[in-house]
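Form predicted alone, single chain, as structure tokens, below.
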Amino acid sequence: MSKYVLRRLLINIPVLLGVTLVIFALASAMPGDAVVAMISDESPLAEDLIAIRRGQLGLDDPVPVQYVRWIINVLRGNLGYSYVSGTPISAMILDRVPATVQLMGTSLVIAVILGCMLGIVIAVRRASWLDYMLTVMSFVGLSVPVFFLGMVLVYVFSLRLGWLPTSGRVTAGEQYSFVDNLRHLILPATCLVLVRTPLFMRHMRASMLEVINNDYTRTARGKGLRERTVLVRHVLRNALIPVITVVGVTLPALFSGAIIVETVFQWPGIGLLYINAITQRDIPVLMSITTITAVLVVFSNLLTDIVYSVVDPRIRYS
């Protein structure tokens, strides 16, 4: 296993290098001028002022030189400074990570548990009225745009009923409290759960139906094992592989956040920071968030492969 992990890490080095090249090329090709976007409308747009600022930021150097300087700083752990606020990007990201992990972690855990439970139930009761009802509901959940669902939740539970706040992580001007934070978390987390639960449920149902009538399952029943034991020890364990794959693909979102949901609910996480960086042409912030997300994708894929071997003993790496 250790040789496999080391080999995968070495293979992913050129992959990550290629990703950074693409990220930097796309950031450099963005239309407009970052320096002009930094200067407010009230400030004079003198050419000498723009030239001085470009020199301070190193934007007048050739693109290959800019890339090499950026990648060296990234390898040293220096993500640079925001063009807009001048704040260290690492500090900006670390300040937003707790909010994103809270929202994405809560919604992911609930969606995985709920989706797997419902998937198991409708697989065992295939072709029943419950199977048909949950299948239709899953199609609806997968079809509704997340921004529309978020606005519906805000309209119903915040504007009409007044039960929950419309946006933010805490109430402005009030001291932080767990209860207040929980009230702000309910709507965005519910929105993500409603969107992701059908995905896990559909994968769990399909995977369960593939293995529920296999030879080893019939053999386990023939040995006189209880149906619950057969489902848990023989069916569920083998059916988890596709679900683990979906969870592994979703794990990088724990950092990057749900951009649309965080924007709708103004949740102060990485996703909202990313949107603000796009509107303000804050290129260093965009490149830093995208690069970290790419690294997390690589490591989540590696972690998924390792979990495969834990869940299914037949899978071995060398």
Partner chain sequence: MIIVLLFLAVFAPLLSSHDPYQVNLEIRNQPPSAANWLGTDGNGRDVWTRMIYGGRVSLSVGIVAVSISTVIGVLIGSVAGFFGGLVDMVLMRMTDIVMSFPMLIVVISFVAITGPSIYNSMIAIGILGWPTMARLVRSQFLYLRQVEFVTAAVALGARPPRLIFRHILPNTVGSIVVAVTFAVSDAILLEAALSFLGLGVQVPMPSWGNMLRDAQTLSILENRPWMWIPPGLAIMLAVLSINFIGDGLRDALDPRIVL
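This one's a predicted model, so the numbers in the text were calculated from it and none came from an experiment. Residue numbers count along the first chain shown, from 1.
Although it is not shown, the form predicted in complex with its partner chain is what the next lines describe.
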Check F148 for me: does it contact its partner chain in the model of the complex (non-hydrogen atoms, 4.5 angstroms)?
yes
Using the partner position in the model of the complex, report whether W70 sits within 4.5 Å of its partner chain, counting heavy atoms only.
no
Contact of V230 with its partner chain in the model of the complex (heavy atom, 4.5 Å):
no
Although its partner chain is absent from this view, report whether V63 comes within 4.5 Å of it in the model of the complex, heavy atoms only.
no
Counting any non-hydrogen atom inside 4.5 Å, which residue from I89, V243, V154, L194 sits next to its partner chain in the model of the complex?
V154
From V140, L94, L182, M133: within 4.5 Å of its partner chain in the model of the complex by heavy atoms is V140
Stretch in contact in the model of the complex with its partner chain, which is absent here, among 155-163, 235-243, 95-103, 221-229 (heavy atoms within 4.5 Å):
155-163
Given its partner chain in the model of the complex, answer whether the residues S85, R169 and L303 all have a heavy atom inside 4.5 Å of it.
no
Is any part of 266-295 within 4.5 angstroms of its partner chain in the model of the complex by a non-hydrogen atom, and which residues would that be?
Y274, I275, I278, R281, T290, T293, A294
